[in-house]
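Before any questions on binding or motion, here is one chain by itself as structure tokens, the form predicted on its own.
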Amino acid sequence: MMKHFLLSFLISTGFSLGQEWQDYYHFEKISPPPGVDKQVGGVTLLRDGKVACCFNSGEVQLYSPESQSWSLFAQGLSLPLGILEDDDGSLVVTQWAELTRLRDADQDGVADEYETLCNDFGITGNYHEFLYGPARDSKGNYYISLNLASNGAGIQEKIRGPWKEIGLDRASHLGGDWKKIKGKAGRMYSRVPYRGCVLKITPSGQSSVYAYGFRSPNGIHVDSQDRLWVTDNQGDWRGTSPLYHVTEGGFYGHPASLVWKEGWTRDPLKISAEELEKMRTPAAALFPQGELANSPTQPIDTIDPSLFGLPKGELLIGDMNQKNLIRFLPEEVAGTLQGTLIPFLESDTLGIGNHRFTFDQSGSLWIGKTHMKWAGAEGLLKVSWNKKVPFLATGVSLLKDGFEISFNRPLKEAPVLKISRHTYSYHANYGSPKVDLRDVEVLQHALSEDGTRLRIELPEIVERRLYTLQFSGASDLEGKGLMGDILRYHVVKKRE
């Protein structure tokens, strides 16, 4: 799910002129209910205005902002890591072994029906087999993502589901020295259905594999246009953490789950990176490891700008290790979704461990935090906008020869720009350093007449490169600094 490592040095992201996010947003810690593990696996706003949280100790608790009190709705769940409210008022929760519907049939405020919606996937007892989601589309279909197992540990004698013995015999697995044979599994492996996959589940509970190729897909979200987004974590076959736009039948890079494709017979460890590269769908965005994110979490749609101060049509994304949220500005180029990542709300007050998100009716953002004994935090945080609009980049458009950046207020003058580009190796190794890192010459950059658009001309645009655009001294007419002055655009396709 998340990786254990030292926290990286945090790069300053937009406070060079002394601005503070606290001038624009108010942070309020919510006291958790007594007797629970304070780690929040999921959080969602209910139609009655209450906020539902599932906690790692297995409870679903409802928080009333009006009375500032908690009430127990359900208990006895196994590591619930996501929650949403369905159209009938029931709550749908992911837990370790299943997707579960919780109903309050007698309307006394406590769930009395626990219904299994889907358990059509395998479990070996490996500690890394997390279950994430649910996300839901406009037709009522649910989407869940299944973590791979880690060869840092083996499996239990009793498992659920069939064992796929491609390159890894289960009998020798159980009877032998795991440290000696674990290399046959790969660093992260899928030997029971459908580890490393995204599953689609109909409202009646029928499941199917929707997409393959994931490692630790802790963030899954269906946006307002019914587009499915998934974040994954850096590791084997992940040079750095990605954000994927996921479409049905796609393969997203980690080969372990390919064993569950119909008719598949090959050992995924014996397929070359070159062959896999031809199969995989590239990421819509890349999070430079240790700079912008380490273990990205849930994406969520931005809302009406009059409520939270951000443009609608973006995604907000969390991370376990960095003291910021991240804006994603999507753009479609040549039929491919790609776009820009911009740091947001970098603050010690925000802190780390930002795991799950929901907006309430007034526009406040509720953040559930977790750490899972790795990097992170715990508890519930409420972030409210102070109705003062920060100076922001609101759009990044790829041109044939550069970029055009839009701002919500005029720039005082054209800023100093530093642009670089790089990529990452696609290989079985754990992570990757930056590859082909080079500075990019800025031929010219000019402001529009009204000062709200900056056009940047470059010698060329190279596909499959992450462009980092760093502003120095960017301010509006009143001298207020740009909030988020490092923009990272992943060019999957260039304009012709």
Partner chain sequence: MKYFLVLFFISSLSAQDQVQSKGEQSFKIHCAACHLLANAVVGPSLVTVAETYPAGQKEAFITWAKTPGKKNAKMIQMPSMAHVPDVELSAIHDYLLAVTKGVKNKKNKEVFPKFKEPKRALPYVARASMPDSSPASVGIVLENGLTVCWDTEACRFRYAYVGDKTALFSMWRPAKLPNKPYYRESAEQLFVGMGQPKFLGYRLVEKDPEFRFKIGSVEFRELISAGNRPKELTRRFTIQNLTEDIVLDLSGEGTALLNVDKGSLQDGKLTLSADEAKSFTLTLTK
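If you're wondering where the values come from, they're calculated on a predicted model, not measured in any experiment. Residue numbers count along the first chain shown, from 1.
FYI, the form predicted in complex with the partner chain isn't displayed, but the following is about it.
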Margin query: Counting any non-hydrogen atom inside 4.5 Å, which residue from 382, 371, 409, 164 sits next to the partner chain in the model of the complex?
Written below: 371
Next item on the list: Taking 4.5 Å between heavy atoms as the contact cutoff, choose which of 306, 116, 224, 361 touches the partner chain in the model of the complex.
Entry: 116
Note to self: With the partner left out here, check for me: in the model of the complex, does some heavy atom of residue 44 sit within 4.5 Å of the partner chain?
What the structure shows: no
Margin query: Does any part of residue 76 reach within 4.5 Å of the partner chain in the model of the complex? Heavy atoms only, please.
Written below: yes
Margin query: Quick check on residue 139: any heavy atom within 4.5 Å of the partner chain in the model of the complex?
Written below: no
Next item on the list: Although the partner chain is absent from this view, report whether residue 260 comes within 4.5 Å of it in the model of the complex, heavy atoms only.
Entry: no
Margin query: 349, 386 and 496 - do all three of these have some heavy atom no more than 4.5 Å from the partner chain in the model of the complex?
Written below: no
Next item on the list: Mind telling me which stretch in 284-292, 211-219, 189-197, 309-317 gets its heavy atoms within 4.5 Å of the partner chain in the model of the complex?
Entry: 284-292
Notebook entry, point to check: Since the partner is left out here, which residues of 112-127 would have a heavy atom within 4.5 Å of the partner chain in the model of the complex?
Noted result: 112, 113, 114, 115, 116, 119, 120, 123, 125, 126, 127
